[in-house]
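Quick setup: one chain, the form predicted alone, written in structure tokens, and binding and motion questions come after.
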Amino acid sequence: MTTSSAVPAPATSAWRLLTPPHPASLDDADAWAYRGIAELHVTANKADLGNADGSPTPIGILVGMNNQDYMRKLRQIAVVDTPAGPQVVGTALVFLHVHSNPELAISFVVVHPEHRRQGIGAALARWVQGSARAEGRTTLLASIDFGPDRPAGETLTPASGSGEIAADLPGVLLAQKLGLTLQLVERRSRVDLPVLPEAVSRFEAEARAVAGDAYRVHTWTAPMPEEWIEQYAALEQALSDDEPRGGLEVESDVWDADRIRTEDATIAAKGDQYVVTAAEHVATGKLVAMTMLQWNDLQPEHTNQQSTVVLKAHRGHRLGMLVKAVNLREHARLRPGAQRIYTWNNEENPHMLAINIALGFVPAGGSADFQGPL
């Protein structure tokens, strides 16, 4: 679910819900729906978040729907019929874990700013509930994005006390009507590029001085080197196991070598690229820390930070800063035209937040996770 802008809704227009067709490629006539979903996200994100950097691409939607091995995806759209054909004015997406969380459904709902307050969001939410129940799910998690402006009025805070969200956002009101309660707030942060090379070099040098000769750094671009796939999967599993969840009732997801290969194939199919820096513990030959930056040339202005993790047994050696600083340097070399990088952190993860703040990241909105029984 997303926030709403202050754009007033026009007179009620006739809309209908339907399951979007799944085309074989974007060249098919049926690809209008995935293109429409992408356009809807661009419009809604500009209105709600201030920019469209986080919007999915049509090819990303298509490839994501093709990849159902570890996370099944159900979609529904609201359309308004126009002389040029159906226009997508709302969309709902349900994620269903395949190998974990058998009771959980995760939902996202987006409505076009000019078509809000017409019942579209409520209808899509009812579809989410019905679809989740039909899949045997008993718990619903709804994620609501919000922009960088501080709330002017009443706010909601999870029980942990970390983070807040405006209480009057339409997505928040809808989540509460569904019986969901706020459990976790995640911060979206942005750093404008370039980060000064001398600053990156200083952070790297300071981190290397603490890490010493006990650790060796490796950097690579896609595809994932076969020699590191098993260990990379173990790092993703550690992140899934250790990441703070606030009050969310969510199990660790399952990561293995096959999933890394599947994710790598999905990344390539979307046209994405990435750079990874990992730290190897020299004495054992094991990877104990890693970070990834990922981008798509269809969106040339920004890059997204993906996973960053340091195994518990190797924390305290500045490995988080080391791999992030090296990866920033390599990203600058590989993608000199990028203007900004985004990263997400749970508000309950002060250590990683501190590293990002030191590197120049500033708050740029976030998301709030609401959860409750179906």
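Sequential numbering from 1, following the sequence displayed. Because the structure is predicted, anything quoted here is derived from the model rather than measured.
Only in words, not in the display: the form predicted in complex with a small molecule, which the text now covers.
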Item to complete: Please run the contact check for Arg133 against the small molecule in the model of the complex: heavy atoms, 4.5 angstroms, yes or no?
Response: no
Item to complete: Indicate whether Asp48 is a 4.5 Å heavy atom neighbour of the small molecule in the model of the complex.
Response: yes
Worksheet item: According to a 4.5 angstroms non-hydrogen atom cut-off, is Ala269 in contact with the small molecule in the model of the complex?
Response: no
Practice prompt. Indicate whether Arg72 is a 4.5 Å heavy atom neighbour of the small molecule in the model of the complex.
Written response: no
Worksheet item: Non-hydrogen atoms within 4.5 angstroms of the small molecule in the model of the complex: do Val109, Ala122 and Gly171 all have one?
Response: yes
Worksheet item: Among 292-300, 232-240, 137-145, 189-197, which stretch has residues whose heavy atoms lie within 4.5 Å of the small molecule in the model of the complex?
Response: 137-145
Fill in: Heavy atom within 4.5 Å of the small molecule in the model of the complex - residue from Gln76, Gln118, Asn304, Gln183
Gln118
